[in-house]
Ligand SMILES: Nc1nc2c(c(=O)[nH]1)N[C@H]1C(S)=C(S)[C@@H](COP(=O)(O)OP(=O)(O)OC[C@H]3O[C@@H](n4cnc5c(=O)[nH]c(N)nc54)[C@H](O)[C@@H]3O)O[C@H]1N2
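Only one chain comes next, encoded as structure tokens, the form predicted alone.
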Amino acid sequence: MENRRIATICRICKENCGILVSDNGHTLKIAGNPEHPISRGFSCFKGRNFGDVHNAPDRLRTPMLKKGSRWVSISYEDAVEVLVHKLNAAKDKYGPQSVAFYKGESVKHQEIAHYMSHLAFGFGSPNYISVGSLCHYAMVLGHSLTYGGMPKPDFQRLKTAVVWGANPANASPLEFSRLKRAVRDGTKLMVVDPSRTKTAEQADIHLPITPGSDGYLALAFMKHAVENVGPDAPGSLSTGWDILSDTVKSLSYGELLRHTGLDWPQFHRAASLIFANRPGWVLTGLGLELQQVGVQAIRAIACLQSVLDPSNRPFPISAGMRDLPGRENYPPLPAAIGATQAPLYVQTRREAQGMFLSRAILNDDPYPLRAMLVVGGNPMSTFPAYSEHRRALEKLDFLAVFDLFMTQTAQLADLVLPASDHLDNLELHDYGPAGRPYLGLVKPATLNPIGLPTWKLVFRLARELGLERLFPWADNRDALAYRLSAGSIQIEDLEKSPGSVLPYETAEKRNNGWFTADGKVQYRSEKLEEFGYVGVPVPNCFEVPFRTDREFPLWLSTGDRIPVYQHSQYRQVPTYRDRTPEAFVDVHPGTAAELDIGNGDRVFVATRYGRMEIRVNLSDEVRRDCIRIPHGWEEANANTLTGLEYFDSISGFPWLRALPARLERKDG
């Protein structure tokens, strides 16, 4: 059979590189597409080898219904009929809010997110939930509340890059390649991270701060700026500059640095570097979000960003696609889950905060939740408090999972449906949120499709639920053509593009202001104060309920990335697993020696929430008072050690980083 060569877009991670897919019916090959204007031929290990995921022998290939303790294969038609019956049964008995629609990562972003939320709201449930409940959106809040959006790097003019609580070497390989090139060309690099990550190895300065002390360090940098540098403050284009300035002047370096574990020479060298080499750009990461004080710490860093480069004024870029039809016909929606605990998140994101899902299932708080459809998600691997979420999902009257593999979550389901991956999907992707005015088309690229495309499941459900007015198309291509009809790019143009991507015109950037409601930098956020939060990031914002002590003397980080895996995915695929075959805890050799622990030994890790056994990996990347466990392992689930007791009060994000813990030798 003749090889085809399809230009499409990789959907494994947020970078969405252009790829070329060749499939002769037996062998599937993936390479970077040099015609793609953003990635320009780049491809990573995960992307090049995704054919092994697509053709994995344990891919789900037929719908299965649980009868007692065994699975029975059924047809797609019967599976959809069962799903519709169960969703309607919960709706009739408890109300539409008793049904939750969750979208995860394995079926990816954007169009499917629009489809899923549209379906949920049309059904009458406010409880559309996404991985935004614990990934990325706390960062968006922290930056947007300060100056209207996420700052993007311009490596042509930047003199300093600060990577703070992020490790793009593992998480964003394309961005990391650009960063390394900029460093080779003279850009200074500072990394703020308790661990000496692969990114930190490239840095001019690495600040190994005490976990959870990021906000204090940001205020120390602001104090240095106010007192020693005389920054070009936004002046009339700011709200609360005087309040923040007076606040940091009143603080002592000694007290701020005491929290961070840094001494004065370390701090002074770092401050001198970043302020002597402006403009600067700060990349914040998941290490900041998954703290109990994440949003306020990010806010403090965002204030610093506005001083390092007052010209970097982020504003939204969007292809301006047409809304899906029927939004005006949504029934009245009650308050979403999490609206009481994280009202700002729920209102700005317009979705439920999934971290409070278990309360609705186990305690009927704020009302009973009885049925759930999980599309491309694995909360049993990614949500905190593994045991509590297991009890919650087992208590549901009905759980359906739509995914590529039999995940930990799918094992608990009543109905499992096989999903197709991005190599078999048709979907739009707007690069605008990442700061690039390009629209892309993800195209089917294989000769042997597996599973059901997500759009097809959603369209069928809508039709059977009496919601066909929300999706009045027989095929997704017609739906995408409708979405594109508001702009100048048509689907035929994207199909013909050698990069599967085309540029679009953006709305004009505000000439004299920031993209906030009043056009000013919000050092004092009135929006936060409206919701009862502190408007200016001050030291009190960074206090946590408990820290390390004699019982739990180590700082535990869970959720760290492993380069060969995408979050919790692909552990079952040999191509990936052979490179990192086993769960592990990173321990500093000095700490291990004190406990008479050797490399490869089995140990117990304990927190106030749980205890689990795991293998030791000696690593001098971590501080002596820190340990680090990547998430995503079914046999050693890091979320056995995390809890649902405390959340970031603004975003509702869970506390998964900087948790007090201890190590125990297995022999006692």
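Residue positions are given as counts along the sequence shown, with the first one as 1. This one's a predicted model, so the numbers in the text were calculated from it and none came from an experiment.
Although not depicted, the form predicted together with the ligand is the subject of the following passage.
- Shown here without its partner, the chain carries A271, P310 and V536, none of which come within 4.5 Å of the ligand in the predicted bound form through any heavy atom.
- For the ligand in the predicted bound form, the listed stretch (554-562, 523-531, 146-154, 329-337) containing residues with heavy atoms inside 4.5 Å is 554-562.
- The listed set T446, N476, S420, S117 contains one residue whose heavy atoms approach the ligand in the predicted bound form to within 4.5 Å, identified as S420.
- Here is the short version: of V282, L87, V375, L357, the single residue with a heavy atom within 4.5 Å of the ligand in the predicted bound form is V375.
- Although the partner is absent here, L20 is not a contact residue: none of its heavy atoms lies within 4.5 angstroms of the ligand in the predicted bound form.
- Using a 4.5 Å cutoff between non-hydrogen atoms, F402 counts as a contact of the ligand in the predicted bound form.
- Within this chain, C135 lines the site of the ligand in the predicted bound form, having a heavy atom no more than 4.5 Å away.
- Looking at E351, you'd find every heavy atom of it more than 4.5 angstroms from the ligand in the predicted bound form.
- For the partner-free chain shown, G285, L286, G287, L288 of 250-289 come within 4.5 angstroms of the ligand in the predicted bound form, judged by any non-hydrogen atom.
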